[in-house]
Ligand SMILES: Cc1cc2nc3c(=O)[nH]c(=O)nc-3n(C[C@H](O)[C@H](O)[C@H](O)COP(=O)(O)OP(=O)(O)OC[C@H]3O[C@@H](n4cnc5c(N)ncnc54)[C@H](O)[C@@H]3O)c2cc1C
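First comes one chain, alone, set out as structure tokens in the form predicted alone.
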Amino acid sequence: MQAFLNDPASNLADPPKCDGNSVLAGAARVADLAASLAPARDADGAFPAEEVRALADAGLLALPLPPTLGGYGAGGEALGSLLLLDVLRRIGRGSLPLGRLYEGHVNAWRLILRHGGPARARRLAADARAGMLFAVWNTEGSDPLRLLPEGDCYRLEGAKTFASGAGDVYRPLVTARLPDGSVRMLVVRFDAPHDDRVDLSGWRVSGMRASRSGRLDFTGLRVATDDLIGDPGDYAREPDFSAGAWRFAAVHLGGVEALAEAVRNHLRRTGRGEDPHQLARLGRMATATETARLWLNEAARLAAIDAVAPDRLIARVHLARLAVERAALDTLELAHRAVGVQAFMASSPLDRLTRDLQLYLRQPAPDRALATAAAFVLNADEPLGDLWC
């Protein structure tokens, strides 16, 4: 990615200056809008279209782009990663489904900038600045996506499942398998509605309903060589593949904060906040959320430093991800104890927040992540307390 950032051919006449305060203020406005609309979005097949437009209006779809492409470069260096973390956390606080979609957009751009090269990035950046949402779709079912050479282009056969934003994302980055078994990334460019390719019937879940996740059939679509991103195997290349987990964990943390805030509002409204047992629960929630934030801050900072050894970085990010999960599980239990039966009523904001958070926490292989991190700790030469100093 650094080579691209230094490419003079990519320079804009007047690259934007990144004002962190204005970026965070824009994220807060989007989060407030998303929170106000979240109850209405809690329905099968829903999609937060107005909220995505608000992301674009606030410049947040361009946030991960470098200044040379009209963005702010958030995520490409240590301070930018901390800014991106706070944006993801704020968006997740407003709506976990919107946070999931936005994190996918950011993830796609991380891969495009790392592996796509200057020409492809310049071409695609215009779409992001115009308000198009990107995504990363990798999950497959019984009909995996295949990339078949056909003359001077390729033909796609197969589908992706659990594709968040299916039908509303017009620039998904997907993985597909070539006849030789290798896996390539490519960006599929939809320039017209394609609901006829979308099947949402498999996404009948209690939470994250507004993410509009489903199956999308790519069969028969043709893609040009210029749509391919990187080399075979780049999608799963380490440390980026594992170290990027801090971004979805940042969205999780926003959901944890929203849940704790809902409990605090309930205690204030009902006059139960002075009860010492309730105060103890609220204090434990505050400790859990801040502990998770501190873990994530350091993980995000290290992830932007190329000199950090991959195994050290991956271990830190794994532990940060699990610290957020632990904070979420503890906060869920404390919230239900604090509020009681009212937390499970459909009219309560805690009901939706709980359902969204419990589902979104289910990310792949948490046990393997813990074992990998623990193995690094076991075999490291430094004192345990100095492993990430």
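Treat the numbers as computed from the prediction; the structure is a model and nothing was measured. Numbering starts at 1 and runs along the sequence shown.
The following text describes the form predicted together with this ligand, which does not appear among the structures shown.
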{"query": "Candidate stretches 287 to 295, 215 to 223, 305 to 313, 157 to 165 - the one whose heavy atoms come within 4.5 Å of this ligand in the predicted complex", "finding": "157 to 165"}
{"query": "Candidate from V317, A121, A176, V136 lying within 4.5 Å of this ligand in the predicted complex - any heavy atom", "finding": "V136"}
{"query": "The single option of A371, A365, A25, A380 touching this ligand in the predicted complex, heavy atom within 4.5 Å", "finding": "A365"}
{"query": "Y170, heavy atom within 4.5 angstroms of this ligand in the predicted complex", "finding": "no"}
{"query": "This ligand contact in the predicted complex: F190, any heavy atom under 4.5 Å", "finding": "no"}
{"query": "Heavy atom of V339 within 4.5 Å of this ligand in the predicted complex", "finding": "no"}
{"query": "In the predicted complex, L359 touching this ligand (heavy atom, 4.5 Å)", "finding": "yes"}
{"query": "Heavy atom distance at most 4.5 Å to this ligand in the predicted complex, all of A34, R93 and S95", "finding": "no"}
{"query": "Partner contacts in the predicted complex for 198 to 223 (non-hydrogen atom within 4.5 angstroms of this ligand)", "finding": "W203, M208, S211, S213"}
